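The chain below stands alone and is given as structure tokens, in the form predicted alone.
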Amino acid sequence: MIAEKTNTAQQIIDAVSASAGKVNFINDAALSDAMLFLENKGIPTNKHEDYKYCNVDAILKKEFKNLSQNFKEVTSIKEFKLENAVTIVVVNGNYSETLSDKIILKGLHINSFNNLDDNGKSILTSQADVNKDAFIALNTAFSGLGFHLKVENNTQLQIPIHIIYISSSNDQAITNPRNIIEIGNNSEATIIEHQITVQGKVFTNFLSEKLIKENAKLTSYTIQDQGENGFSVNTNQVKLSRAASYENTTIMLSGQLIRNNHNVVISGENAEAHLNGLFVIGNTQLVDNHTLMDHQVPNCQSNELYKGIINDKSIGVFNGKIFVRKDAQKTNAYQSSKNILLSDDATINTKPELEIYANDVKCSHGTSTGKIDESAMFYLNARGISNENAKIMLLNAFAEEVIDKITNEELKELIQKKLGFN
């Protein structure tokens, strides 16, 4: 079995190496560790507990037999832009200064990896451990030309930052977008990350390291709309300092495979983190959400709310872990996973986990799965509402709790339109 894993990893290494070569902005030690991890561990199969329902090795073997890395140029992103935002564009894993906005905001700095200052170099790979995960290792070994986004201390950005990750290939390809996002002390920012595949069959291996400093606040939205030929593994490594606040809402609209690893380290007292997610899937799609809330210090709180609407033969997964360390007294953590199955062939796998070593905490989790409420359908039918319209109304009500977490009205309208709930 080890040989099989290594063969898949080696296929990827050979294909990506031929097109990308060795990057020069990640230190040699990290590159060496990353390659060694890939060669020894390979790509996860369903024998790996964390990938039990998401056999990425098998998917790569089936869907990406002929990696050409023959990318297609992207010359316009006009149709994807938001009107009231600063736009940053990443094409096939590489930061594009040409397509990105030239707007300069006081206190905001954006630098490509090849222009990293000493601070940027020091935090690159500081959160993402190449010795723990194959996809972190793969991204580290073959990272595209990413960027470092820094918000200076005591800065409140009034305009959201819209980051568009767009993939386009003539055949089959793998991309490795990467960034560092740093929110300085007493600062505040809103970031919208939008993942799109416009042509070809593309496997996107995304990695973001987010550092939220003391008394800082980051509100982030992730929109995953990669179409029927989009496959992705997305890793967010987030670290919160004292009194920091982090809120993310992820909307999974399309993609044949979406695997999200969202790991939050709460390392400063009085910090709080909120993760929200909504996926609406059908056909044979697979969406797998893995979250980790790592409470390391006292007096912090976290909340998670994930909802899924699963149709046809699609598969949804939620595996959320709350980890409370011995010193993290007075922790308040809650987790909820709610799902609706629209087909007898649809599947949902949920695995909430609590690992608690402190004795003065409030931690709980809940999960529920069912079909559309027949009594609610009957009630609406009795008032002259057709089955189809009643179904839309009930699904809208179910999804609304997550959609309402989006406070940016332009983005909220876009999501509602995409989902057909408006």
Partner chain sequence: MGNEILEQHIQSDYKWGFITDIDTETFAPGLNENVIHALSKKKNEPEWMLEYRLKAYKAWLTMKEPDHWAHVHYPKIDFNNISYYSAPKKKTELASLDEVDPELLKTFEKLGISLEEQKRLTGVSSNIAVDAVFDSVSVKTTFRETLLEKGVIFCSFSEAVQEHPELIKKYMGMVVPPTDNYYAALNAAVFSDGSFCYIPKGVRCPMELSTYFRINASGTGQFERTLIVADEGSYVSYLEGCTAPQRDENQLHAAVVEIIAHKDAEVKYSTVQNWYPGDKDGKGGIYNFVTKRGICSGDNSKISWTQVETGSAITWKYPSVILKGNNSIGEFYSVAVTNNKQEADTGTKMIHIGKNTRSTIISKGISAGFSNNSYRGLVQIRKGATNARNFSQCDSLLMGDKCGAHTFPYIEIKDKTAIVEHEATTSKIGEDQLFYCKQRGLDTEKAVGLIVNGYCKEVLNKLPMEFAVEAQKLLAVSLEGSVG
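Numbering follows the first chain given and starts at 1. What you see is a predicted model, and the numbers here were worked out from it, not measured in a lab.
Unshown form predicted in complex with the partner chain; subsequent notes refer to it.
The candidate site formed by Glu79, Thr98 and Lys418 is entirely out of contact with the partner chain in the model of the complex, as no residue has a non-hydrogen atom within 4.5 angstroms of it.
This chain appears without its partner; in the model of the complex, the one residue of Ile59, Ala390, Cys363, Leu31 with a heavy atom within 4.5 Å of the partner chain is Cys363. This chain is drawn without the partner chain; in the model of the complex, the residue among Met35, Met377, Ile356, Leu395 with a heavy atom within 4.5 Å of it is Ile356. In plain terms, the part of the chain that comes close to the partner chain in the model of the complex, with a heavy atom within 4.5 Å, is 338-346 out of 110-118, 240-248, 79-87, 338-346. Residue contact check for Lys371: one or more of its heavy atoms lie within 4.5 Å of the partner chain in the model of the complex. In the model of the complex, no heavy atom of Lys72 sits within 4.5 Å of the partner chain. In the model of the complex, no heavy atom of Lys41 sits within 4.5 Å of the partner chain. A residue is said to contact a partner when one of its heavy atoms sits within 4.5 Å of a partner heavy atom; Ser68 fails this definition for the partner chain in the model of the complex, lying far away.
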